[in-house]
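As a starting point, one isolated chain is supplied in structure tokens, in the form predicted alone.
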């Protein structure tokens, strides 16, 4: 059995912590390096008490790209605008998956939409993981765009995310329980940071991207994303469902459902759950997607990409069912 040495940068954050949880039970990946900012100097077990002893005793380092051990793979989970400069210093010998936003559609990096174009990812050495909202949105749109069932210039995305999507934050209590409980709000209106990659991917698959409206919302739950997408098209529900099932016929982490999905279907997993509804008389096509924002929206897809990069079956370490309830 092949084994690969792995490091995680940003181990203390939600994305890095989820990557650690998956790697801890991955049969081919061996974590030998962990880096964090505020947690540097402490042992992994002090941050994640349920780890087995060999991982719990690993000391968290302060990230220094010039002092990395020899690694087959580095998972980077750093805030936006903090990864481009240090990751540029890392040898090409080390494969990198960047969960953060600094390398999406940047020259030299492959956009890692693993369920849509795995062949682009296999064997590459630099992969930019999609953002959490794009993972759900583009997963739902890809079959419709590929089969030309919708007008790519008229797409409205209503997306809702649990608060872990905001990261652990700066400790200013903006995402504390008392602030988010019993509350619902829209944010990032007309200029959310994920819009450019959504637009670019829509253009790549569908030929156009003008007219996208994307509105994210924060809802009072820990993890999960539900997107409801409205587009123009003349296909009926059966045609949309058929297109999605055909497009994703051999994709192990995509489930096309006969009814609208729930976010809990995906909790703790790398799955995406899809459903479609259409009214040709109104030229209305609806697409719905549910994912775990820390799974398919971050660390789950990062490990799926890593498996593809390393020549492993892409389901390795990821084919566990979701957490229920």
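Keep in mind it's a predicted model, so treat the numbers as computed, not measured. Positions refer to the first chain, counted from 1.
Below, we turn to the form predicted in complex with a further copy of the same chain, even though it does not appear here.
Highlighted residues 48, 220 and 232: every one comes within 4.5 Å of a further copy of the same chain in the model of the complex, counting any heavy atom.
Of the heavy atoms in residue 261, some are within 4.5 Å of a further copy of the same chain in the model of the complex. In the model of the complex, a further copy of the same chain lies within 4.5 Å of some heavy atom of residue 228.
Using a 4.5 angstroms threshold between heavy atoms, residue 204 stays clear of a further copy of the same chain in the model of the complex. Put simply, residue 176 is close to a further copy of the same chain in the model of the complex: some heavy atom of it is within 4.5 Å. Heavy atoms within 4.5 Å of a further copy of the same chain in the model of the complex map, among the stretches 135 to 143, 210 to 218, 69 to 77, 105 to 113, onto 210 to 218 alone. Proximity to a further copy of the same chain in the model of the complex, defined as a heavy atom within 4.5 Å, singles out one entry of 125, 120, 147, 255, which is 255. 163 is the sole member of 87, 198, 244, 163 with a non-hydrogen atom within 4.5 Å of a further copy of the same chain in the model of the complex.
Contact residues in stretch 253 to 282 (any heavy atom within 4.5 Å of a further copy of the same chain, taken in the model of the complex) are 255, 257, 260, 261, 262, 263, 264, 265, 268, 271, 273, 275, 277, 278, 279, 282.
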